[in-house]
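One chain comes next, on its own, written out as structure tokens in the form predicted on its own.
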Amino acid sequence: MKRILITGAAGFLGSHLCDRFIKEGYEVIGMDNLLTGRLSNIEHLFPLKDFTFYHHDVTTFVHVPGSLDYILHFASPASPIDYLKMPIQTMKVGSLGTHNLLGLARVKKARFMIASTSEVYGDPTVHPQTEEYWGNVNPIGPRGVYDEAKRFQEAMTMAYHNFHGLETRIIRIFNTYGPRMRMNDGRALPTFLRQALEGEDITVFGDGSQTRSFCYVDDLVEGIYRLLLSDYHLPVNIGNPDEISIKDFAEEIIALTNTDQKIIYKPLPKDDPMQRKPDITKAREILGWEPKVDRKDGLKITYDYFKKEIEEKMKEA
């Protein structure tokens, strides 16, 4: 049985990855310091003999007994509200955490994957974004702590690959959504759904002309799985190229939830990217991957999840 360590295991993406690798017959070791992760995301796995959880901060020394075949480093605050509130922790998990886990991978002779992000492209001047684009990032701006932590992760991972011959994979994740997202994490999709469900007006920053491309979590997990098991070590974009403006997206949410909320506009945050659309040519050609879940279907599943979560909180109140 293959053994895999997944950091950020109690987070949105990490918990779905734990599910997938358990389903594929792996022994899964989940690790999370619960800074932004929630145990409720993985508590269904605790009774399983092939799942172990470590409450641990990867910015300190990381030890896992026994062999490891794979390490997935998905630990990091990932939303603006989180990394603006926790800038130092964000930088540390991207730098110290990555270094610690690369060292562990080298000792264990494990294949290592990092969760990079479309944020390495900053506010792009190339559209759609290809993996060869170097980005347009403000390193000292408010978003720099996240953007540069991810860019450092990629550089350090490539250094271990080139200098130590470590097997490495780099995935650049574009906007992803689905069940287990936190409603208060500050990103557009969960915020819009929460606002509609709670009867608030929908808040759009800027004039709403900025674009995003939303990928359903099951599609993303499939892309991660295929990349990990591939022979390709350079960065690969995984995301849905179906681009939509934030204003149009807000109107989609209002229609989905059948509410009569107004859209209100607030100033655009500093360095907020105006365009996000992945070029997924490499994913198609190398991995045979492309997204399958239509946004309409994925949003309905996510809406039902959030609605149930709000109803349960109201019962407890």
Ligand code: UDP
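Worth saying up front: this structure is predicted, and the values here are computed from it rather than measured. We number the residues from 1 along the sequence you see.
There is also a form predicted in complex with this ligand; it is not shown, and the following applies to it.
In the model of the complex, residue 119 approaches this ligand with a heavy atom inside 4.5 Å. Proximity of residue 100 to this ligand in the model of the complex: non-hydrogen atoms within 4.5 Å are absent; the residue sits far from the partner. Contact check for residue 212: a non-hydrogen atom falls within 4.5 Å of this ligand in the model of the complex. Taking the partner from the other structure, this ligand in the model of the complex has a heavy atom within 4.5 Å of a heavy atom of residue 188. Proximity to this ligand in the model of the complex, taken as heavy atoms within 4.5 Å, picks out 196-204 from the listed stretches 196-204, 216-224, 148-156, 86-94.
Heavy atoms of no residue among 130, 171 and 232 are located within 4.5 Å of this ligand in the model of the complex. Only one of 135, 144, 80, 179 comes within 4.5 Å of this ligand in the model of the complex through a heavy atom, and that residue is 80.
Taking a 4.5 Å heavy atom cutoff to this ligand in the model of the complex, the contact residue among 286, 268, 35, 256 is 268.
In the model of the complex, this ligand lies within 4.5 angstroms of a heavy atom of only one residue of 273-290, namely 276.
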